[in-house]
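The form predicted alone is given below as one chain in structure tokens.
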């Protein structure tokens, strides 16, 4: 081999290594996949029943995953929607309060869309930070759920339909799981194949550049919040059908797990990075983890502690998050240093 051929081969190998590194760096699902493997191994060793009680495990994955998928659409644009848990609860109550089942489902989904529009209105038109706007909506909707239900569970008028809905019809698959799969495919196609969905990344990555490129940023934010509200309402409908009753406190344990699923899946809180598939992996990990902890007798409060720790671990192991923390600390230190009086 001549010297020139050796140099060319080295350059090609170096280019290949660089491309592999870039590809790995762009993928966001690594932590979620690693967590899923760890959770699966630990669960198989300590509580293998979680893998035999597929109906329970898949049902939990679907509930967390549905809400997390809607959240992902919002977070990709650098926004937050804390109202999803209360949206789930109030839409379930609205559905159960209507005697006609089909009409109740339509009304609940419509309420979810309206909630998404109201959230987006406060963020886009009024100019309120999405964290504050959706936090206020969270408390408002939680109170509305208690008022509408008279602070007690509301039973479905058609309990037989609810019981039938909760039964598996293909192996361990229930209608809840099928709806979750359809929602996952629809959102995956939307953010990867549809122009409006792909523009979510541009809005979250650099909003000013998105404006300059002619992207309808305000419209995209409205779309994201409407998706989040609709999917949370869908989760409320499914939860109510399977329980044959709507509980105004429903969804109280879903918010943390759903956010954790999205963040563990690689969605960056500041927007512009993440994937629907990563969120699916995160939801699967946390769903299995919650079921395993429940079967071992761990209380819900302790489960939330575990999920919180997992979420913190995911955030601090994200290079982008670490750079943000280091940058903030450096700015704070420099600011304090520069504020010292002279002489």
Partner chain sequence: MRSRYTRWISIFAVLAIVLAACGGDDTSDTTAAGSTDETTADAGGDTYEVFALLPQGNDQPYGSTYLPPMQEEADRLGINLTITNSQYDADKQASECEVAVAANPDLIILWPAVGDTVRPCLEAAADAGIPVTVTNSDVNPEDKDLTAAYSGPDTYGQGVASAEIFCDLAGGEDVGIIMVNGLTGNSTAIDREAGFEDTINDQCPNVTILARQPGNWNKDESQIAASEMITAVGAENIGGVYAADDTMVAGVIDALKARDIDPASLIITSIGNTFLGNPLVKSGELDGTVFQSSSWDGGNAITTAYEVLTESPSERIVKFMPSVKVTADNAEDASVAPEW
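Everything numeric here is computed off the predicted structure, so don't read it as measured data. By rigid core we mean the largest C-alpha set that fits within 1.5 Å across both forms. Positions refer to the first chain, counted from 1.
Separately, the form predicted in complex with the partner chain exists; it is not shown, and the next lines address it.
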- prompt: Since exactly one of 226, 245, 187, 82 fits, which has a heavy atom within 4.5 Å of the partner chain in the predicted bound form?
  reply: 245
Residue (of 234, 250, 183, 221) lying close to the partner chain in the predicted bound form, criterion heavy atoms within 4.5 Å: 250
query: Would residue 276 count as touching the partner chain in the predicted bound form under a 4.5 Å heavy atom rule?
result: no
- prompt: Does the 4.5 Å heavy atom contact test between residue 239 and the partner chain in the predicted bound form come out positive?
  reply: yes
Interface membership of residue 163, the partner chain in the predicted bound form, 4.5 Å heavy atom rule: yes
Touches the partner chain in the predicted bound form: residue 47 (any heavy atom, 4.5 Å): yes
In the predicted bound form, segment of 98-106, 127-135, 155-163, 226-234 with a heavy atom within 4.5 Å of the partner chain: 155-163
task: Scan 282-299 and write down, in order along the chain, each residue with a heavy atom lying within 4.5 Å of the partner chain in the predicted bound form.
output: 291, 294, 295, 296, 297, 298, 299
- request: For residue 292, decide whether the Cα shift between the shown form and the other one is 2 Å or greater, given a superposition on the rigid core.
  value: yes
query: When you overlay the rigid core, is the Cα of residue 51 off by 2 Å or more between the shown form and the other one?
result: yes
query: For residue 276, is the CA shift between the shown form and the other one at least 2 Å following rigid-core superposition?
result: no
